[in-house]
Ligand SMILES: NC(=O)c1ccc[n+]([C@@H]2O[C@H](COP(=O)([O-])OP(=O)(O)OC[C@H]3O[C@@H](n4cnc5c(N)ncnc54)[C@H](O)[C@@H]3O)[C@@H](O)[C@H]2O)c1
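Only one chain is shown below, in structure tokens, and it's the form predicted alone.
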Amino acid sequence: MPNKDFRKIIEGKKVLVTGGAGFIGSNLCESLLMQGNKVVCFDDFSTGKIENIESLLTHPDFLLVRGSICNFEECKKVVKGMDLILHQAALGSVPRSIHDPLTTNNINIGGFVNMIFAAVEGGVKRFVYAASSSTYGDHPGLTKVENKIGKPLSPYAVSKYANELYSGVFSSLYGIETIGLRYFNVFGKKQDPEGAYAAAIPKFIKSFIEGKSPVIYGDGNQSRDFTYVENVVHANNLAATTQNPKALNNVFNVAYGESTNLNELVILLRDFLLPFDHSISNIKIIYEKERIGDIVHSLASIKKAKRLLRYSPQFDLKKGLEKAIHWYWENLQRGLPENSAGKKISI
């Protein structure tokens, strides 16, 4: 549900959300529908989940199209009639890309080119896409500024940087308006806590709720700019509608602008969960060997997004964690809704 400051930014548009059944994509779909848009969700469910969009399936302005960004013909069909595209589809996770660089490359680079070229051929004016803070790689500066990046540390980072390069070329060659949003450690409702490649926050929450020890890779002093998903939704809304010519064909950090290390994070999560179950105070933290390819510290400068997009994040870490934990407690306690294959809508 929207917060008390919710207002319409995108209204009366036909919007395609690729990866719309995923974590961020499904939150975007909800926001777009609440603002009065027609929304097409394009997903192959390789990582997306039907339960993320189950409540939207009966909405008259929502359409689910099952398909893959790796299939150019399917991409061309789904972009027809769209006013804008919010491209969220990708294969995430640094460790997964190290174990399987071929699939990461095929989806994150090949699929990206399919979608943006289909958008060009389909006459779509604006293409907003999910970039990544992993692009900063080994750059030593702690506060990450958009025009200063280092060498990528993983195939995933390479793939997301390639998206930025391709968007610049496509803007120059074909005139499509592009904006890339470098997400910094996004968390919130609908983020999957399962699997080897789950993000830290949902995985830690799930461990605590199940009475298990959270696992930190490394000494826990590595830090991140954790960003609540509603801040990311807000940034996408702004990028989709900005009329500032200096913002177009550009890339922006999307974060809160504060850094928290993993040891501090785990303590915060434990403290927020204690009112639900006091026994959580007895759970110990496990430390294991650090993972290759991970950035040690990450902190974003959001000055550029504030100046050119009028981005102003409303949720700091504590406020976001409080909302996220209530959602996870409710859903992990009762079990996630069952898949309702009979309710799927596809063309």
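In this text, residue numbers run from 1 along the sequence as written. Source: prediction; values computed, not measured.
Missing here is the form predicted in complex with this ligand; even so, the following discussion is about that form.
Here is the short version: of Ser301, Ser68, Ser298, Asn37, the single residue with a heavy atom within 4.5 Å of this ligand in the predicted complex is Ser68. Screening Asn185, Thr242, Ser259, Ser207 for any heavy atom within 4.5 Å of this ligand in the predicted complex leaves a single hit, Asn185. In the predicted complex, this ligand sits within 4.5 Å of a heavy atom belonging to Ala89. Shown alone here, Gly48 lies within 4.5 Å of this ligand in the predicted complex, counting heavy atoms only. The shortest heavy atom separation between Tyr156 and this ligand in the predicted complex is within 4.5 Å. A residue is said to contact a partner when one of its heavy atoms sits within 4.5 Å of a partner heavy atom; Leu16 fails this definition for this ligand in the predicted complex, lying far away. The candidate stretches are 22-30, 288-296, 54-62, 316-324, and the one lying within 4.5 Å of this ligand in the predicted complex by heavy atoms is 22-30. Along 130-154, a non-hydrogen atom within 4.5 Å of this ligand in the predicted complex is carried by Ala130, Ala131, Ser132, in order along the sequence.
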